[in-house]
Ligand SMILES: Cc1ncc(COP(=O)(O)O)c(C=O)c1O
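As C-alpha cells, one chain now follows by itself in the form predicted on its own.
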C-alpha cells in the first residue's frame, strides 16, 4: 500500500450513511469502479472479484478453459497464478523467465503442445512482459492470453495498459498493490461472452439479480466472489491517486537504473520503461555471490532491496500443491487425477526451469516509492553507485 487516508474515509462514511451497502439493486460504488476501471485500462468490460486469484480464475472460466487444456505460466509468479489454472480444471505448464524476469517468449514456444489452450503472461513486480512477441505467438498458434497484472496495476506496455492487451486480464487490489481496498480484484475483457461467463463464475447469482438478463445457458453453478460496496468505495477514491504515484515511481526507476548502468551494472531487460509501473529497478550480476554482496552493501546504507529467488512462493519450486500434484480436496475433483487431463499432464521437477532459478538468484530488485523525498532518492542513487 502506498497511500490511503481521508478521501477513503469520507467515501466510506457517505456509503454507511446512505445505508446502501449491497451492490445489486441498491448501491453504486462497485458499478462506478467497474465502469471507470474499464475506461482507465481501455477495455469494454470489467467485473470486480474478491482478489487477484479469483480474477484469474474467472477470466479462465470466461474464456472456456477447463479439463483437457494446458495453460502456460511463468516460473516466477505468485503460486496463485498456477492454482487458478488448477481451479479451472486445467493443467499448468511452467515455462522459464528471461532476463526481464518475466515470461520468456522463446520458452513459451518450446513448451506449446497440442493441448495448450492459453498463456498467462505475469507482469511481475510491475515489470511488463514482452506482450508484442507473446501476442504474435498466441495469434500464430491460436492460443488465448490471460494477463496476470495483479502486481502491475496501472502499468503499461508501449502505450497500452497491462491487462487490456490479451483476451482477458486480471488485477489484484490487496494490501500490497499499487491501489488497494485491503483485499480485492477484477478482470477485464473486450468480449461480451467472456464477460458474461466470467461474471457467473464471480457470482453464482449474477444473472438472478438482474431478471432482464436471465439466460439458461449461463446459469451454471458458479462460485461467490462477489465484491462489496465498501471495496468499491475505497477503490473509487484510490483510483484518483494511481497515475500521479506511478509517474513519480517511473521517474525514480529511470534515475536509479541509469545510475547503476553508468556505474557499470547490468540492468534487467525493461520492455517498456516509459509505460510500466516503475515500482522496481533491477540489476543482474554474473554470480549469486556478487548479487548478494551488492544487496548487503545496499542494506548497510539502509536502502531496501531483495533477490527474487528469496521471495518464497513466487518461485515455482515453492508451489507445493503443484509440485506434489494436489489439485483439489477430493480426488474426483482433482485436475491432476481426472481422466480428461490424462494426456495433458506433465511431470514437475525442481530442475524443470533451471535457467529461471539461475536468473532469479543473480538479480537484485530495488523498490521505489511515490513518497520518497528528493534527499532519499539522492541517497539511493549514491548508494547504488558506491555499491556497484
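Positions refer to the first chain, counted from 1. Treat the numbers as computed from the prediction; the structure is a model and nothing was measured.
The same protein has a further form, the form predicted in complex with this ligand, not shown here; the description that follows concerns it.
Contact with this ligand in the predicted bound form, defined as any heavy atom within 4.5 Å, is confined among 241 to 249, 95 to 103, 117 to 125, 131 to 139 to 117 to 125. Proximity of residue 197 to this ligand in the predicted bound form: non-hydrogen atoms within 4.5 Å are absent; the residue sits far from the partner.
Among heavy atoms of residue 52, some come within 4.5 Å of this ligand in the predicted bound form. The closest non-hydrogen atom of residue 174 lies within 4.5 Å of this ligand in the predicted bound form. Looking at residue 78, you'd find a heavy atom of it within 4.5 angstroms of this ligand in the predicted bound form. The listed set 189, 279, 305, 151 contains one residue whose heavy atoms approach this ligand in the predicted bound form to within 4.5 Å, identified as 151.
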